[in-house]
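First, one chain by itself: the form predicted on its own, in structure tokens.
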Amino acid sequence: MFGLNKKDTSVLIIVAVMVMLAPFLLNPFPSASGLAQFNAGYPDLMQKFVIFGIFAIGFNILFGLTGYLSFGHAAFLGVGSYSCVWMFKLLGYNVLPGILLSIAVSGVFALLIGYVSLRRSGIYFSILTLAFAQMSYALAYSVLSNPKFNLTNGETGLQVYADDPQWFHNPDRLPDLPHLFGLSMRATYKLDLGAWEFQFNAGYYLCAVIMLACFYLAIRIFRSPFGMMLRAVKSNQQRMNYTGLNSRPYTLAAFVISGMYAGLAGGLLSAVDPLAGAERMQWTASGEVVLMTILGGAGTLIGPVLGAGFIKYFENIFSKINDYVLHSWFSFLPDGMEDAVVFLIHPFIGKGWHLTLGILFMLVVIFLPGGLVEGGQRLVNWIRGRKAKSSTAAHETNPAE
């Protein structure tokens, strides 16, 4: 299918089914249930799952294939967001021009930064990308918010105002919100099935379709001769250079492609919420995509998507657990024991969710260097081993069979 082998086609189909059925899969508990707080099937969070999945897939093309660790990819995320909002301000609320401009501008920006940064490798490359990202953040936060040429609107963030040109926007025919040829990104259909409520959001499905296209493109890159060259860079770049092959064009191309993925993610963030702020360029956002990729499994296809979903779930669901919720869970215990249990768990929930995430990240790095994907592979191999042993034992018990 689409030039993929059987294994890659299976992975693509599995991801497609999971993404399209996400409103059902992420709402396992009834709406009135006490466990409903663990449901993640609402539009805002589902959009973050797929958008940051795109961000992580792109980062994995650079880090997973070449081994070049960038600490500045949030710069492209921010550039993409600003570009999309500027399209809203100048042309209108149709998201397509904004998304296309986000990809183009972030690609040019990545070309400039990559051309300089890739003169170095290892930790020096990482520090250079971090420096460029922090410079971009400083420009967006202060320099480019100068009233004479206000491109970013500083700490307030760039947004659409009533006096903006919006040359192609017709408020009589089109919604006064981001839309795709008239279909509002906030249009949501709610389906009630018994005690469950499922939400199908137009913005989510636009992002989901784009993520599937990005995932397919990533598979083709991984399996292409270009992808093999990138793996050679990661394996031994010096030996590759000794053979007479110039690795720099390949690494620069990977950097630009990765930056365009990040710009696309930034554009989609603005497409579903027409606001762009400098905080998207902070070093913490760059570190977050590194965590997503490593946690899911760097160099694997589906790993970054799993890592992005895992971290965004923690950030939006696990962080909402507070002492009140804990007391309701452990109310069956005697008062003194209940308070002690809540006291012990308190540092790891709510605002302390980063501590729990850090511990999980350490455990994954130590015991599962291949990330969640390796954990899944070990589990499957263990199940297959148990089945093989049971079938062998049954055969030995009944040799006639």
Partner chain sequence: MGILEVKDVGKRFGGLQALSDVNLSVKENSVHAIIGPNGAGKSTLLNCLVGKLIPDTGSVMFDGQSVLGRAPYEINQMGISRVFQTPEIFGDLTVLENMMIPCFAKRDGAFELNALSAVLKQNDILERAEHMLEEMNMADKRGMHAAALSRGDKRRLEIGMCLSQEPRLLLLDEPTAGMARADTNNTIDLLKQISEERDITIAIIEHDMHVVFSLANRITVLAQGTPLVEDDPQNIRGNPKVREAYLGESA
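Positions refer to the first chain, counted from 1. The shown structure was predicted, so the numbers you read here are calculated from the model rather than taken from an experiment.
There is another form of this protein, the form predicted together with its partner chain, and it is not shown here; the text below is about that form.
> Tell me which of 238 to 246, 180 to 188, 195 to 203, 105 to 113 has residues with heavy atoms within 4.5 angstroms of its partner chain in the model of the complex?
Checking each option against the 4.5 Å cut-off leaves 238 to 246.
> Taking its partner chain as it sits in the model of the complex, is L217 in contact with it (heavy atom to heavy atom, 4.5 Å or less)?
Result yes; L217 sits at the interface with its partner chain in the model of the complex.
> Given that its partner chain is not shown alongside this chain, does M229 nevertheless sit within 4.5 Å of it in the model of the complex, heavy atom to heavy atom?
Yes, contact at 4.5 Å.
> So in the model of the complex, does any heavy atom of G122 sit within 4.5 Å of its partner chain?
No, no contact at 4.5 Å.
> Using the partner position in the model of the complex, report whether R223 sits within 4.5 Å of its partner chain, counting heavy atoms only.
Heavy-atom contact with its partner chain at 4.5 Å: present for R223.
> Which one, Y250, F132, Y141, F310, lies within 4.5 Å of its partner chain in the model of the complex by heavy atoms?
Exactly one listed residue reaches within 4.5 Å, namely Y250.
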